[in-house]
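What follows is one chain in structure tokens, specifically the form predicted alone.
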Amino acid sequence: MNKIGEIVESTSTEFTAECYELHELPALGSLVKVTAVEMEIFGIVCQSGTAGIEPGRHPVARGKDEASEEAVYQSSPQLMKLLRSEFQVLVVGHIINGKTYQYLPSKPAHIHAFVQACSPEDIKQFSQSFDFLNIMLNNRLQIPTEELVAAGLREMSKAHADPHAFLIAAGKSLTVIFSGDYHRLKTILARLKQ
């Protein structure tokens, strides 16, 4: 199991996970999964960051007299315990009994459930259809939706034998979705270039 974090907040549409290792965040647009008793829940990493563990208490600069970032952590080892890296995930589908559904599951993921990086096989299976794009495009996110869609498709394309063909197929699906919004379509297609 490739555990990359643990859920600390969860709703029907998204969840937040804390990384086990500081700064070991999955890439924007990465497909991740949570295995529950009755299903696997899939999501796209839509935000990430590192901050202090105490709300309202911000980290302060410590490297004035240090030669590197690594030296800052070596001279202040307590920082590893005072900071945390978290990432937010937009839920885009689930699998029950081996069948993939690209819509929201009936229940949210559990707090303390393990978040795993998806294998190339998981990604290929999940991305056989582009129905998940509708969930991504119809959510209010902290980042521009077009950026997340492009990042997600670029990340997924890496798991396919022919990344270019995958992106062409995704572009065709986006053309149908954005038939009346050329500007948004053009924005996403421009960002799909590798």
Partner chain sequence: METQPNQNLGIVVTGSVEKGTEVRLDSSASVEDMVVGRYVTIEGKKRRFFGMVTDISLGVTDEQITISPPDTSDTFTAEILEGTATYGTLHVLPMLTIGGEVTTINEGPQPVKTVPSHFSRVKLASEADMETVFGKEDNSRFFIGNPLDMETKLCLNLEELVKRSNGIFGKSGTGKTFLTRLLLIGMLQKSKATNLIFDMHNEYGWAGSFEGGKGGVKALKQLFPSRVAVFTLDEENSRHRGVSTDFVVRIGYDEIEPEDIGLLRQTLNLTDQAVEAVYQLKRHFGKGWMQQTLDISDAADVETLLQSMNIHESSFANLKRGLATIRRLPFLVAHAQTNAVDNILGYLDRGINVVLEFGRHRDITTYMLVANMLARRIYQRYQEKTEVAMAGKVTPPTPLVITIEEAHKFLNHDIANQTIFGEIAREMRKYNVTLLVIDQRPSAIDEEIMSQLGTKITCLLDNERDIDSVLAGVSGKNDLKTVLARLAPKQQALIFGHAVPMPVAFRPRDWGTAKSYEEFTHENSSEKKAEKDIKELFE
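Please read all numbers here as calculations on a predicted model, not as lab measurements. Positions refer to the first chain, counted from 1.
Just so you know, the form predicted in complex with its partner chain exists too; it's not on screen, but the next bit is about it.
A.B. asks: Is every one of D65, M80 and R84 within 4.5 Å of its partner chain in the predicted bound form, counting heavy atoms?
C.D. replies: No, because D65, M80 and R84 lack any heavy atom that approaches its partner chain to within 4.5 Å in the predicted bound form.
A.B. asks: Any chance T175 has a heavy atom within 4.5 Å of its partner chain in the predicted bound form?
C.D. replies: T175: contacts its partner chain in the predicted bound form.
A.B. asks: Look up in the predicted bound form whether E21 has a non-hydrogen atom within 4.5 angstroms of its partner chain, and give yes or no.
C.D. replies: So E21 does not count as contacting its partner chain.
A.B. asks: Would you please decide whether H58 lies within 4.5 angstroms of its partner chain in the predicted bound form, comparing each non-hydrogen atom pair?
C.D. replies: Output for H58 is no: heavy atoms all beyond 4.5 Å of its partner chain.
A.B. asks: Does L192 make contact with its partner chain in the predicted bound form, using a 4.5 Å heavy atom cut-off?
C.D. replies: Yes, L192 sits close enough to its partner chain in the predicted bound form that at least one of its heavy atoms falls within 4.5 Å.
A.B. asks: Pick from 25-33, 44-52, 137-145, 164-172: which stretch has a heavy atom within 4.5 Å of its partner chain in the predicted bound form?
C.D. replies: One stretch meets the cut-off, namely 164-172.
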